[in-house]
Each structure stands twice: as C-alpha cells, then as structure tokens.
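Given next, in structure tokens, is a single chain: the form predicted on its own.
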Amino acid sequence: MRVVVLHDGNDLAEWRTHARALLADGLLPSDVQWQVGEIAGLLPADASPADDKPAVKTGTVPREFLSLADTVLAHADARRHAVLYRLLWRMTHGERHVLGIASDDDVAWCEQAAKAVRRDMHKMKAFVRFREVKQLEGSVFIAWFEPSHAILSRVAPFFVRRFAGMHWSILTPARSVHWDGQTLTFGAGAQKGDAPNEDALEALWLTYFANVFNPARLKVQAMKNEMPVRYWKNLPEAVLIPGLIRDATARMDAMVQSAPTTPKKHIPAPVERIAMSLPDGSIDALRRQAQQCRACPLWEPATQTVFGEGRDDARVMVIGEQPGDQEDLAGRPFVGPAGQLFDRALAQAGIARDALYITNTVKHFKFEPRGKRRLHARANAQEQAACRPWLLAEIERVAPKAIVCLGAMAAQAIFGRSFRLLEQRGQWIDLDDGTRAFATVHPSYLLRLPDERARHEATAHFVRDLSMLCEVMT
C-alpha cells in the first residue's frame, strides 16, 4: 500500500505530480491511499516524487479531464483524490474515452461533484454581503461566508473584478482572502465573530428589499431552490423573509381590490437650446469657426470637425446625418463606404458631385470603441441641437434652390420631428422660405441590407430619388 500525503488537497498541480509518479511506478488505484495534511510517520521514503527521479512516460489524457479534475478537487468529499486517480488509471490503460460514458460510476460521481462545486461558486457570488468598517486610513468592507467546498480561491478573482476599487476581505472557516486594491492575498480561516454584524447602510438595504418584494410573484419553493435556507443565517435581508411570506397573500388581495392607478404620461426632457453667435462671411469663415466649436462633448474624442464642402453657390444642398470613421480621419463628408455608394448613385442619376454642396446634420464623429475599431453611434438630441446653428448657417450662406435629406436625422432637422422617412420619402415639400426639399434613405442603410436582391432593388429606388434633382439642376 502506498500512502500519499497532500499538503493541499485542492491543488491540481500537487495532485497531478503525485498521480504521474504513481502511474510511472505502476501503482494500481487499489494500492494507493490518499490523505491530506502533514502526518508524521505515515509517509514512506519513496511516496513523494523525488526531483532527481528520471521521468517516465505515463501516457496522455484528454484536456477535459484536467478541467474536470481541477473542479472536482475543490469538493469536500475525501474520496475525490482516489476517484480521480482511478479514472486517470483507466484512461491510460485502455479506456481513453471513458469520460464520454455518462453512466459510468466514476464519471457520474465526478460530474455530480463538479456540479456541486460550480453551484457553490454561483451561490457565493450571489450571497456574499459586505459590511463597511470605517478605519482611519479609509473604509474596509468585510464579509462572512460559509461555503460547502473549497471554492474561495476560485471565486476570489470574480470579486476582484467586481469590486476592484474597494478594500475588502472575505472570511470563511477554512481560509480568508483580502484585496487592498492592488494585491490579492490569502490567509488562515476565521470565525463568524471576526466579521461585523451590521453597518450604517443595512437599514437602508432592508427598506429597499422590503419595498421591491412583489407578493404576487412569490413562489416559496422556487425561492428556496435559488436561495437555500442554509444561506439565510448570513444574509441581512433574511430576517424579513418569514414576515414577507406570511403577509404575501393579504398584500396581494389588497393589491387586487385597490383601484387601478393611471400611469404617468411620459414627458421627454426638453432639449436645451444652445445660443451661439455665428460669424458673418463666407462658408470658409464658418468652416474655420466650426473647428473651435465646443457646444457639445463630441469634439473631444473626434479627430476633427467635418464641415460641409462644395460650391457655395450650389443650386442643390445634400444633407446627411453625421460623419463616420473615414470622414473623421479625412475631415471631409461622404468619403467612406456610404460616400462611395452615394457617388455611384449620383453617377447613375447623371448628377455631378462637384455641382453640389454636401454637409451633415452633426459635424463630429460619435463612436464607441471596440478594441482597435471605432463603431458608429447615433448622436442624441442635445448633440444634434448643438450642431443645428451650423447647419442653418450653411443653408443661409449657400441659399440652395433645393435640398435633399439623406436619412431620418437629416429629414427631421429640416421637416420637423413628426416627419416619417419611409412614408414620405421622394416627395417634394416647399419650405417656408420657398426652398424645395425632399428626403430619401441614407446610403449606409443600403449597405446594411443583408439580402443582395433587396439591396439591388433599394439602390435602384435610391437612384430614382436622386434623379428628382435633375429638374432643379438646370
């Protein structure tokens, strides 16, 4: 009989080192006794693998076995080491694919053990409650938890990510973990009395918990399945649960009998009107002034202002929505993929781009970073309002005979918030100053269509809309 003593019964690397040595020596699972802790006099001279012992090839095992073993080793059952070694022996002695047999006794036991560990990890993430302890150097948040298995080291990184800016400690009977904002350290176990009983925010938390409780949706058994009673003793809100359950029926009956409430009408927040004095002079003067615009936050992450370009006496003004990534880098409107599609559509409609004045409703690129990419984000109402004086100034300086709006944002900037693009596209509308205008889709809409046939038909419709400009170009 070979006795193997593990210093840490939950450590995969230590168990794996001993298991490989046992395989190399040809030890049958029935000839190995696994124990945890320093036990004097039980460890034979050759029980621990020697560093200078020559390596012996013991075969390979599937990667999923190591993942399973790492989880199973956190289980509290003392049989875990022996069952894992028995599985390892079988896989290296003719039963390599045994993990695929769900009905196998050893496999089933390991899967159930792993499931229990994962469930315990999930419950720890859900039911740890930190309490604040004020100290001279700042607040420390301490929690007490009693896991069923050795999961603390496996769950601690979750709390580091979740509460990276706090200094906290989680105390358990077996081990404790501490985070000082930079370093995660583990220490000895503790007692429940080492953790605080309450903090200043506990009363507020209990009030919140009681008020969000919905008696009409109470399912006691389902609640106990998700929040087992054994965790209640360490949850501050648990003191309220019996009373909430007891009074649920009466509260629900009162809700049914009470008169229905009239929902409050949603009134959107008013868009702040931005007062801005614009310079007199040419389009070039406006363009220079717009480079210094700080009326909304979009200027800060953007590369530059993307102002309009083209003939300042153009008979037709084209208004898009907002610049994209390539427009932001080039400082010119409609030069990216949507702009290239727009140029092709103009050519098919028989219209020269250099005869137009082309601009956007919003003058800065709004985006959300995704790794190395910048993904387009729609400007909100306040950001659109901040750019509106520039758009009105462009219209005043160019004084076009006709305006075409590309996309809903541009259309609503000219025709008002009630304008519906897909219902009213391609229809001439006379503005108050006598300018004729119509709206059509934005070229980026065509690029987003997934079906090639639908994209072809929509592009043809877009070209027909642009062809309407021919009557005012001459």
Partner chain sequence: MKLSDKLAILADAAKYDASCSSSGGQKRDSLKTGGIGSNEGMGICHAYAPDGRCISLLKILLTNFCIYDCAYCINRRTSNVQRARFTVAEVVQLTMDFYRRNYIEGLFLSSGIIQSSDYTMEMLVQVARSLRVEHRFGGYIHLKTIPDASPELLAEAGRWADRLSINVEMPTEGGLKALAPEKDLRDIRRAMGRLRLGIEEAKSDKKAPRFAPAGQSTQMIVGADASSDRDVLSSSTNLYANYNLKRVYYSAFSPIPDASKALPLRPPPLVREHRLYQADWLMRFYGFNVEEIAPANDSGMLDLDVDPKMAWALRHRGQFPVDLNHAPKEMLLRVPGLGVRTVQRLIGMRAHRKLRYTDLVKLRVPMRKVAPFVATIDHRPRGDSESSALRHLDASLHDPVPRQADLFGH
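Numbering follows the first chain given and starts at 1. Computed from a predicted model, the values in this text were never measured in an experiment.
Not on display, but discussed next: the form predicted together with its partner chain.
- Among residues of the shown chain, Pro215 is one whose heavy atoms approach its partner chain to within 4.5 Å in the predicted bound form.
- At least one heavy atom of Leu204 is located within 4.5 Å of its partner chain in the predicted bound form.
- None of the heavy atoms of Val229 is located within 4.5 Å of its partner chain in the predicted bound form.
- Heavy atoms of Tyr85 never reach within 4.5 Å of its partner chain in the predicted bound form, leaving it off the interface.
- Residue-level contacts in the predicted bound form: of Glu111, Glu396, Asp284, Asp312, one residue has a heavy atom within 4.5 Å of its partner chain, and it is Glu111.
- This chain lacks the partner; the member of Arg374, His178, Arg388, Arg175 within 4.5 angstroms of its partner chain in the predicted bound form by a non-hydrogen atom is Arg374.
- No residue in the set Thr435, Arg464 and Leu469 has a non-hydrogen atom no more than 4.5 Å from its partner chain in the predicted bound form.
- None of 341-349, 76-84, 188-196, 118-126 except one has non-hydrogen atoms within 4.5 angstroms of its partner chain in the predicted bound form; the exception is 118-126.
- Residues Gln291, Arg294, Trp299, Glu300, Pro301, Ala302, Thr303, Gln304 are the members of 287-315 with a non-hydrogen atom no more than 4.5 angstroms from its partner chain in the predicted bound form.
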